[in-house]
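Below sits a lone chain in structure tokens, taken as the form predicted alone.
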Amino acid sequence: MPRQPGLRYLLAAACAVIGLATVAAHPASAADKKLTVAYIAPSLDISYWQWVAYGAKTQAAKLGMNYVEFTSENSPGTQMNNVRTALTRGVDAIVMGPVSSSSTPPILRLLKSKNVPIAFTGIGPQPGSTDYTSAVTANNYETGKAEGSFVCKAAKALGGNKIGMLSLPQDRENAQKYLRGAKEAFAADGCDLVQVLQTHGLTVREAVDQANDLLTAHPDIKGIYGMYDEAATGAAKALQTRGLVGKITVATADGSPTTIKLLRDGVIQGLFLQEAGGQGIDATTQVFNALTGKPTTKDIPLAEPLVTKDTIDSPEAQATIKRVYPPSAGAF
């Protein structure tokens, strides 16, 4: 007859069972596993969103996180599919440049139900939204005012007060803030905003066409206000073709190797630098903090400092530019 297990054996087995049950009831904490962040861009065909991706990816590596990325091809439906795919793949957090602010409410509802933190970059969520970890954007309203004042004063120095605008889509909260600030500055400084043309694809070709439309419809304008980098590049090309460089002032937000060269060459007069890479860095930090129990900041509106031909090579400007785009994009 086989021997019956002794009391000591039974006690050891019972303890082992209890230990297994305890492990099952208390899975590894966020600090015990390698976290994964997904970056979802509205379009990776646009250099700006590539630079946000660079910031997010490099910061994820620095924080010890896995990184995956998706592009939404400027489609709200594709954007939502990307969120669902990311969740299916088990990502722990999302960093997103949304297709539009109005496209964000269903995403926020889904992520809240899954307890997954999200940080927005560049474009914030629908106004009034609260169920997000952080929105790392530019200080669009203040920049809109500062750029509006800069363009207006420069236009007046050229003998006029009429301004044309190449705008981002106005279904984005950042574009709405830029426009509101610019209008306030124009009213205060005595300039007329004669036409606003919204981009559909954020391409230089489109901006060239729109700048030519502005110049044809309003040959007396003395300033072109750009909300995005390609707007200034397109406006510069139109002015070069028409022999109007120096006769119409051009300023824009963002910054790139192309517009920095145009600034140095005197073709455009002002850049309000937007930290695309910095937004990716800071947004990734915010969702990591949310996952690891560290403090987070709800809204982070980064300043967009003005640089001109005379200030572009200052240490302060160069330090900011290094958070705008990566070294692989071109010279600073």
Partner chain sequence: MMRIFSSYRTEIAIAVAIVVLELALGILVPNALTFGNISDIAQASAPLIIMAVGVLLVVITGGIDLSVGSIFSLTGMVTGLAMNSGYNSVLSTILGLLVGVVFGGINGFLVTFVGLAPFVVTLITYAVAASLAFIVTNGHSLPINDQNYYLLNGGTLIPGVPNFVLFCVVLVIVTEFVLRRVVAGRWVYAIGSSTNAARLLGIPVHRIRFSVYVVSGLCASFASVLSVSYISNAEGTAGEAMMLQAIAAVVIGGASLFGGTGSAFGALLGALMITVIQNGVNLIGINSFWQGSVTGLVILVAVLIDRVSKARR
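Numbering follows the first chain given and starts at 1. Predicted model, so just to flag it, every value in this text is computed and none were measured.
The same protein also exists as the form predicted together with its partner chain; that form is not shown, yet it is the one meant from here on.
Visitor: Verify the contact flag for T130: yes if a non-hydrogen atom of it lies within 4.5 Å of a non-hydrogen atom of its partner chain in the predicted bound form, no if not.
Guide: It does not: once its partner chain is placed as it appears in the predicted bound form, T130 has no heavy atom within 4.5 Å of it.
Visitor: So in the predicted bound form, is its partner chain close enough to P219 to count as touching (4.5 Å, heavy atoms)?
Guide: Contact with its partner chain, yes.
Visitor: If we define contact as a non-hydrogen atom of the residue within 4.5 angstroms of the partner, is A175 a contact of its partner chain in the predicted bound form?
Guide: A175: no contact with its partner chain in the predicted bound form.
Visitor: Contact between P117 and its partner chain in the predicted bound form at 4.5 Å, heavy atoms?
Guide: Answer no; every heavy atom of P117 is more than 4.5 Å from its partner chain in the predicted bound form.
Visitor: Its partner chain in the predicted bound form: within 4.5 Å of a heavy atom of each of H200, R205 and T233?
Guide: Yes: H200, R205 and T233 each sit within 4.5 Å of its partner chain in the predicted bound form.
Visitor: Pick the stretch from 101-109, 119-127, 153-161, 208-216 whose residues have a heavy atom within 4.5 Å of its partner chain in the predicted bound form.
Guide: Of the stretches listed, the one contacting the partner is 208-216.
Visitor: Can you pick out, from Q50, N289, Q59, Q269, the residue that has a heavy atom within 4.5 Å of its partner chain in the predicted bound form?
Guide: So the residue touching its partner chain in the predicted bound form, by this definition, is Q50.
Visitor: Would you mind checking 252-281 for residues with a heavy atom within 4.5 Å of its partner chain in the predicted bound form?
Guide: Residues within 4.5 Å: T258, K261.
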